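A single chain, nothing else alongside it, follows as structure tokens in the form predicted on its own.
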């Protein structure tokens, strides 16, 4: 992941030293309090790329405002531009048209004030958990004492202090993902961008980590933008859910979640709201299924016979 980031930045003529040296921490005795969340916005943002088959429109005139400290979930089928929006806010991509705003300014490049948590924890396998968390701080030239104090604070926040000297392969999937969240928080970002961080985990671990993320968000009040395909997960976590349409990606609808916290995925109110949202976005999900499946695909609930190959093996 670091190699990719290094290559991406240097490809644009900016050295890592230039990116990191501008933000040097104070001595450990005067480390400032945690940075609060910041607002972000997309203003009529479109993004197209050129391929061998021609131009592909990934995102079309997307407008989205996220208030400082808000927890927003982006929900939609594959190809709806959810991850693209995260990349634009992180500064890893630039729009073809429109503007991406962070606070009172525009986003022009990656920065430690915006951190990304990916679906894969992406911890460096040759470093211990604690060394992984301290790695971005070393890039910013934090003193050793300050790095140790910060990593201890974050390891305790995600309940992994006892495992600080373990290597990633010695941790469970859920523990690795909590470690990735701790590393993302190391530089004290104002905005936490989470790209389906629990998609590869089992349902029980996923439920536990949803509670952890909600707890961490309540404690830090960072701005969180969370991408997911799971409707209940979006209702479980978000203050607001942004429904995305696909081919090209665009904002279809926004749903405010007026339910008390903490929430549970098994709560009847969560289930009811999730059912309504799922119905609203069903046509977009079906559109993707039709485009990606073969001619034998039949929509759920459609009782037409369809391709006879679908009947093979029935009754066995």
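Numbering follows the first chain given and starts at 1. Note that the structure is predicted; figures quoted are calculated from it, not measured.
There is another form of this protein, the form predicted together with a small molecule, and it is not shown here; the text below is about that form.
- Residues placing heavy atoms within 4.5 Å of the small molecule in the predicted complex fall in a single listed stretch, namely 80-88, out of 80-88, 165-173, 106-114, 124-132.
- Contact annotation: residue 282 falls outside 4.5 Å of the small molecule in the predicted complex, judged by heavy atom distances.
- Using a 4.5 angstroms limit between non-hydrogen atoms, residue 58 touches the small molecule in the predicted complex.
- Though the partner is left out of this view, residue 229 does reach within 4.5 Å of the small molecule in the predicted complex, counting heavy atoms only.
- The shortest heavy atom separation between residue 233 and the small molecule in the predicted complex exceeds 4.5 Å.
- 196 is the sole member of 196, 239, 212, 188 with a non-hydrogen atom lying within 4.5 angstroms of the small molecule in the predicted complex.
- Proximity to the small molecule in the predicted complex, defined as a heavy atom within 4.5 Å, singles out one entry of 271, 278, 67, 49, which is 49.
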